[in-house]
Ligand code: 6PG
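Just the one chain here, the form predicted alone, laid out as structure tokens.
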């Protein structure tokens, strides 16, 4: 594992791992340590992302960490969701359930999904109200213990794309979004919620992510036009977990 700090507003931790298994091990040990700070009866809250990297990580978790964490003490949420049914293969909830939840025998009490099958605008309001009710507050805003984000090849994160980057600055906790190519509607957390988390963790793997990783972390070209560049927790920590391929273009 390689570790260094970039020149950045919050100086995020950047860790480069030899493979996904090493990355997963670090992520799980970090979660385990943070859970120790929770008193008995308190949930540790995580907002999950979709994508191929979390899917691969979930499989490693089931193989190696299934019995090493008290999963009943974790409350799972989502940072974004596609507006599809929960049984749809494109659903972030469906992917998580198939690759993680069903293997852990988690009860519905442990997760709060975005109802992608419902009318998007109304569901964005309902989910924001649910998150607001269930989480403790900091700065008058709900605060997650951990938000896990992915990085798109276009620099998007959650479901905030360069074409609708203004959503990041919304006064709402969740907004409706639209994929710029497919037109698919989505529901996404906004910067107001993301940047209020105790910790935000980017997961990026593969050579296809290397260019945007370097552009954002080294502040090159039009880096600040990319939604992922706006993630900067006000009072929390920002961590980038990369494999060798995703970190290949970083200057070290």
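Residue numbers count along the first chain shown, from 1. Worth saying up front: this structure is predicted, and the values here are computed from it rather than measured.
Omitted here: the form predicted in complex with the named molecule. The next part is about that form.
Contact annotation for the candidate site: 30, 198 and 236 all lie away from the named molecule in the model of the complex (no heavy atom within 4.5 Å). In the model of the complex, the named molecule sits beyond 4.5 Å of every heavy atom of residue 83. For residue 49, a non-hydrogen atom is located within 4.5 Å of the named molecule in the model of the complex, even though that partner is not displayed. Interface residue remark: residue 191 is not counted as part of the site for the named molecule in the model of the complex, having no heavy atom within 4.5 Å. Among heavy atoms of residue 151, some come within 4.5 Å of the named molecule in the model of the complex. Remark: of stretches 154-162, 168-176, 109-117, 126-134, the one touching the named molecule in the model of the complex is 154-162 (heavy atom within 4.5 Å). In the model of the complex, no residue of 215-232 lies within 4.5 Å of the named molecule by any heavy atom.
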